[in-house]
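The chain below stands alone, shown as structure tokens; this is the form predicted on its own.
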């Protein structure tokens, strides 16, 4: 399973077997059951998660008590509350397994040591953060630019793996509307 991580690293940096073994030692491999929380609102965010297999989601509970999903992570994606993680603060989010998952976990102190020992990992994380930031910018644009139906259509066309894999109530939460409204949109498409 760690080969998935090695292959991912090699997309951004050159790395040999010896280096990879040493880098992997900074991580823990963890299995997570569906619906298990890795992070709960109010906890100090100490970990950054790399998906080997499965799916995680990040969400918060709004003032009406409704879960609002802000991000998903599938294979080869990273997930954490970046703001709280980088500053060692308590989080306003939850991170929960959508499926039984296997992840690599690194804490902030281990990541700092990793970056000192392997400076090329700075380059790797720079690419990862740039891509995450770009994805957040695009999502924000879509929230303002698209109607709800257009946003759903775009998700279906651009990320069919999500639509097929993730429960519809979570898709609705991610898009910012109710499961009932998503059902209406889907029914319109069928007719």
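These figures come from a predicted structure and were not determined experimentally. Residue numbers count along the first chain shown, from 1.
The form predicted in complex with a further copy of the same chain is left out here; the points below concern that form.
Listed stretches are 49 to 57, 155 to 163, 133 to 141, 32 to 40; the contact stretch with a further copy of the same chain in the predicted complex is 133 to 141, by a heavy atom cutoff of 4.5 Å. Taking the partner from the other structure, a further copy of the same chain in the predicted complex has a heavy atom within 4.5 Å of a heavy atom of residue 122. None of the heavy atoms of residue 28 is located within 4.5 Å of a further copy of the same chain in the predicted complex. The closest non-hydrogen atom of residue 118 lies beyond 4.5 Å of a further copy of the same chain in the predicted complex. Shown alone here, residue 100 lies farther than 4.5 Å from a further copy of the same chain in the predicted complex, counting heavy atoms only. For the stretch 33 to 48, the set of residues having any non-hydrogen atom within 4.5 angstroms of a further copy of the same chain in the predicted complex is empty.
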